[in-house]
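Just the one chain here, laid out as structure tokens, in the form predicted on its own.
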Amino acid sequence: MSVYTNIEQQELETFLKQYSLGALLSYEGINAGIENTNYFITTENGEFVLTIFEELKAEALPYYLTFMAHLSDHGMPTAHPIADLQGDYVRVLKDKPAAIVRRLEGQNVLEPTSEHCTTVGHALAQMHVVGESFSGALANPRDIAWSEKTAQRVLAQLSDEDQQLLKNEIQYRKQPLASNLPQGIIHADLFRDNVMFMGQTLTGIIDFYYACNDYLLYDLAVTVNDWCSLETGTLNMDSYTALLNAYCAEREFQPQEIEAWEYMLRAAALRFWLSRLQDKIFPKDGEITHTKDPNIFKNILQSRINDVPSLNP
């Protein structure tokens, strides 16, 4: 979440007249994440988050927003989107699509304990189970085709060693997978900065704008790579065991998933190494921007190449 599109108070007040949220009391830009413009806004009726979408098109947004509403309606701690006076979740602000969701309580946990990882493992599996009753469908926009295209874009800017690593992983990513790997709707970005806690209690899961239909195991790999990795990229085995055991308590792993585990961990690491390389090499302009270190995921990728523990720790 960053600020690429600036809004004046009068513009925001005019925009809010399309909602039943009361008068604007305050607003401020959010410095976190990298894709969209985000503001905290406070009105007479409470606290909310306004997102202005910098790249996503308006026609894609109902998928994400209705999924968030679906999860919230089924008891998941997600930010329910706010409908305007016409009952729509998406409006236009500064010629870009925009949406408002309720602001959730809590803070990010940047140094999670095994207890935090247990809670996240349960929540991710519950999300996958609840998602079975969601009818929307959207292919993963950051698939192997995206990986190949992005790799070509950044390759010339890398060292010889990193170029070889990237080429090898793109080739590895192309190998066939079992046709019966469980699929469903996934978050695809369940990092520590997208989960809110109050103490040990999970109070919010946010930022669903990479959600898509893909392998459930891939979503687990994305989550494990962030929540369970040490600074060196190696796994913290206590956190790893806690998260996987909690997930498996809600949804048991299939034999074909156990076979595909290394592939998914490496695919998830590659995806975020590439996106961070792209953001670093080709930064977007903005008043407040937040670029994340691509070397974190290069180290994670190298670690997963060297060693992958069992999916049943």
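Because the structure is predicted, anything quoted here is derived from the model rather than measured. Numbering starts at 1 and runs along the sequence shown.
Omitted from view is the form predicted together with a further copy of the same chain, to which the following refers.
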With a 4.5 Å heavy atom cut-off, would you call Y89 a contact of a further copy of the same chain in the model of the complex?
-> yes
Do E44 and a further copy of the same chain come within 4.5 Å of each other in the model of the complex, heavy atoms counted?
-> yes
Indicate whether S72 is a 4.5 Å heavy atom neighbour of a further copy of the same chain in the model of the complex.
-> yes
Would L110 sit within 4.5 Å of a further copy of the same chain in the model of the complex, counting heavy atoms only?
-> no
Which listed residue (M76, L93, C212, M196) meets the criterion of a heavy atom within 4.5 Å of a further copy of the same chain in the model of the complex?
-> M76
Among A188, L165, L181, V130, which has any heavy atom within 4.5 Å of a further copy of the same chain in the model of the complex?
-> V130
Which one of these stretches, 233-241, 173-181, 213-221, 122-130, sits within 4.5 Å of a further copy of the same chain in the model of the complex when only heavy atoms are counted?
-> 122-130
Scan 74-103 and note down the residues that get a heavy atom within 4.5 Å of a further copy of the same chain in the model of the complex; none is a fine answer too.
-> H74, G75, M76, P77, H80, P81, I82, A83, D84, L85, G87, Y89, R102
